[in-house]
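The data below hold one chain only, encoded as structure tokens and taken in the form predicted on its own.
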């Protein structure tokens, strides 16, 4: 009897080690994850033992608890009993329910699709090659449901996602069985009522975000990851990246060309030729092309031009950096260059000291970090090992984030904001001052990517490189001026804004329009930082646009109710800039286009005239304008045309444009535009309000600079 008692005790001990609570399990046994509310509308569940190394541990940012706590409580809108998980063969499997009309958004930076239901994805860091299959520059494992919740899978692994594609035999809503031999309606893709994913680890941390709508969900996700970045003012001016092997004298001629042609220019991007050797890199100046880097940087600064330096992170063999990094690099090389392991503090310090000595201390303003994404045939393979113990897969999913954190830290120590470009980002990078770009070059798909960026906590630029015609050139220039980074990337083509003389005036006009709208754009980025609201966003995140399933059933009609039909379909060629401006880019070959207006009155940006309410309209803007529309009650603070952000100072006149007849408000933000002092409360926020046709200004926060002079109001709608 004593032996039986001991055996029973041992059994119970072993069982308790395997099943600690409802979210711990015996291998293969299904469980229902238990959700604990960490913050209002933020719920966490752990399946077994999640890995310590994950996407958020790499980003290193703390949740903006103060901002999240200001948001309303939001219950979980799904039946928690229908969420299932189990672990088998070293992998964790999780299933969430999907309703009939429910739509899914997010799941990485996709270029061709906004709706993700029906997709099968492997979220895998890679260069985008023209197919939305999960391989992307930002394979963010976060999905948002039209029901008002989202789930973040916090794992630094390749994650397989089946979005309404897998049909289970125990489904509560089984698909109809059809005999293909005699029946109609047979489908190779029967109805599926679930979203499932597989994480190749023994456990995983899941974080659910809930809200009154999808925008609330996105806000909470962004705030949980640290809140959106607030770029320096100069970062929102115009950028020109110059040909690879330009010298300092070539750069001087480039700047002089912008002055002569009266075109905005704040940032000059130096491509690989600034390095003494590149592919892989030395991170040291080429003495032939740049004999006096410090003097050149100072000279550009005096002209109001900031320098941004291209790099990839792979070290030239036997270079000064490579020798110092000898014990901190991985087993494989990239282009024969060694790959530092920046999860090791000593490696980070070596690189940061080098950045400071050779670039930051002489005034370089930021970096373009290239080739941290893929392809498989040149990047390190998954079999690679690293001295920290991280494997090739973990490093691939997080290397872009590692580079962002490394550079952000040194600029923060100098109390200088930076803004740059990156080819790889993931969850947790929302607060870092980097915009994603790539070598794929489809104008339409670039706009779809810009829309999708708002679901994934990243920024994307539809940069301009070259064009086949002047029409394509001006259409691309118009789009990029309404994006997070207005940039012409001429590293290979040598193009200039005036390369197509017949449309130069239109290009010049839209660039200056962006400069005029900087107070609005800058305030929109402040909203990103303080509230988590994406500055450029999908229409589905706009009030009055996304129709819920119960609102559309029985109403869809191409003739009598075209708006409902348009909302039901995937719209991927228009987006919002801030709360008030709807941007509808034109593409080469188009003379007119359709625009889907959300419910509520909308007005033409240029004239203030009424254009529609909750309907589909057609516009013919001509070649010289990009279609822009403003929501009823919209307030747009604008300044006179300036060529450089340095001209925006404490005496800059402010014109406040008002659209429509409804009352409206706008929070106008300002600070020194360069430092992180705003994080200490040194900023100014004023509430601009319109009521009964009269405008007023009220102080919200007065702890910092106010770079405006005379204020005037302009009511655009007569």
Ligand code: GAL
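Positions refer to the first chain, counted from 1. No experiment lies behind these values; they were computed from the predicted model shown.
Below: the form predicted in complex with this ligand, not depicted.
Participant: Which of 489-497, 297-305, 471-479, 522-530 has heavy atoms within 4.5 Å of this ligand in the predicted bound form?
Facilitator: After filtering at 4.5 Å, what remains is 489-497.
Participant: Contact with this ligand in the predicted bound form for residue 512, defined as at least one heavy atom pair within 4.5 Å: yes or no?
Facilitator: No, residue 512 sits far enough from this ligand in the predicted bound form that none of its heavy atoms falls within 4.5 Å.
Participant: Taking any heavy atom pair closer than or equal to 4.5 Å as contact, tell me whether residue 368 reaches this ligand in the predicted bound form.
Facilitator: Flag for residue 368 set to yes.
Participant: Against this ligand in the predicted bound form, would residue 220 count as a contact residue? Criterion: heavy atoms within 4.5 Å.
Facilitator: Output for residue 220 is no: heavy atoms all beyond 4.5 Å of this ligand.
Participant: Against this ligand in the predicted bound form, would residue 191 count as a contact residue? Criterion: heavy atoms within 4.5 Å.
Facilitator: Contact with this ligand, no.
Participant: With this ligand left out of view, choose which of 132, 445, 271, 205 has a non-hydrogen atom within 4.5 angstroms of it in the predicted bound form.
Facilitator: Looking at 132, 445, 271, 205 one by one, just 271 meets the 4.5 Å heavy-atom criterion.
Participant: Please tell me which of 93, 310, 290, 545 lies within 4.5 Å of this ligand in the predicted bound form, judged by heavy atoms.
Facilitator: Of 93, 310, 290, 545, the residue with a heavy atom within 4.5 Å of this ligand in the predicted bound form is 310.
Participant: Using a 4.5 Å cut-off on heavy atoms, which residues of 420-447 contact this ligand in the predicted bound form?
Facilitator: Contacting residues: 423, 437, 439.
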